[in-house]
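Read the single chain below, which is given as structure tokens and is the form predicted alone.
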């Protein structure tokens, strides 16, 4: 009898193992289309771009790609115009993240604390509207509003006795205007991420902190931040990467002008790739942008894991 039960147990274990192997193989089969799509549309173009960055290749030329080593990168590092565009982009990124994160947190906390406010759903719907409009449409929308001749913005200024202002051609106002429009577009995103982050905080811990009458800073540090930091930092990371490759606003609203006051690195890349058709040089700039995106992601992961490393 014991031998029979032992053989049955072995058969059952063998069936379970074969079933687990079948499930794993079936799961991999389901992933094959996704992996093929990712490899074809992401990995292959990235490798092609990396290879082109070491070649002198112009699309309008009949010459085949010519290997030049690090020449494109050397030219890129020595190009003062591109260097100014990079510096301007970092300034744009810093101010955009500061403004949008601050306003997004304030708006998110406002809606979170007043979850029974009348008209809350309608207010949230209206708040998130700029985020769902395409950047090109938003840029055209604001360009018409700020037009010095028939824009509604200057119309209201004239009502109050203020002279017309062409902010998009002003040396001092064009860049801040882009920041304002970008903040208008993407502050709702940070507000949404704040609401999601605050929603992940257990109510029991908040109630316990309220009963203990802990100071606000202590509540944020010990209760809110440990639960909300992942989602909030993820929002900051996504906005940082997106802000660094902003091109739509600069191209549509100012075309990089006046002069090069609003020329961002993504717009410079667009000019080299699709105006001059210098694919080798533009590929080197693209590799630089990819490196920046990887660096921002690494900083994000470092900040999230900082506390766990200290405790270890």
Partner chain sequence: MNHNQTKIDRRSFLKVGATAAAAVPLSGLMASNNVAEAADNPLMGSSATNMKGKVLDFAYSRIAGWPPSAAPEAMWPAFQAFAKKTYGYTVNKITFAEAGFGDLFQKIAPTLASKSQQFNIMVVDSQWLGALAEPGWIVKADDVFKLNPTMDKKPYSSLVTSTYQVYPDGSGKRWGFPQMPDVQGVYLRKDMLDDPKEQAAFKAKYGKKLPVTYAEYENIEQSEFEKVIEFFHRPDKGMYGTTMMYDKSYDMFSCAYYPFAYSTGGKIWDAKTNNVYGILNSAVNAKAMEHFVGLKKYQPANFAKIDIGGVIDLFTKGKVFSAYQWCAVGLAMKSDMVPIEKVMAIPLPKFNGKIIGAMGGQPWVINAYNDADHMRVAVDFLKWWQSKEAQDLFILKNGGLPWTAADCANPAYANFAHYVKPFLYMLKEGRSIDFWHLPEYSEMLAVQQEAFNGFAAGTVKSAAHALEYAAAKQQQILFKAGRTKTAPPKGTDSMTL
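Please read all numbers here as calculations on a predicted model, not as lab measurements. Numbering follows the first chain given and starts at 1.
This next part talks about the form predicted in complex with the partner chain, which is not shown.
(request) Using a 4.5 Å heavy atom cut-off, state whether residue 277 contacts the partner chain in the predicted bound form. (result) Residue-level check for residue 277: yes, a contact with the partner chain.
(message) Just checking whether residue 253 would be counted as a contact of the partner chain in the predicted bound form - the rule being heavy atoms within 4.5 angstroms.
(response) The answer is yes: residue 253 has a heavy atom within 4.5 Å of the partner chain.
(message) Can you tell me whether residue 148 touches the partner chain? I mean in the predicted bound form, with a 4.5 angstroms heavy atom cut-off.
(response) Within the cut-off, so yes.
(message) If we define contact as a non-hydrogen atom of the residue within 4.5 angstroms of the partner, is residue 171 a contact of the partner chain in the predicted bound form?
(response) Although the partner chain is absent here, residue 171 would touch it in the predicted bound form, with heavy atoms inside 4.5 Å.
(request) Spot the stretch among 194-202, 226-234, 73-81, 213-221 with residues whose non-hydrogen atoms come within 4.5 Å of the partner chain in the predicted bound form. (result) Among the listed stretches, the partner-contacting one is 73-81.
(message) Can you confirm whether 59, 263 and 270, the three residues that make up this candidate site, all sit within 4.5 Å of the partner chain in the predicted bound form, judged by heavy atoms?
(response) Checked in the predicted bound form: all three residues contact the partner chain.
(request) Give, in sequence order, every residue of 119-140 that has a heavy atom within 4.5 Å of the partner chain in the predicted bound form, or say none if there are no such residues. (result) Residues within 4.5 Å: none in this stretch.
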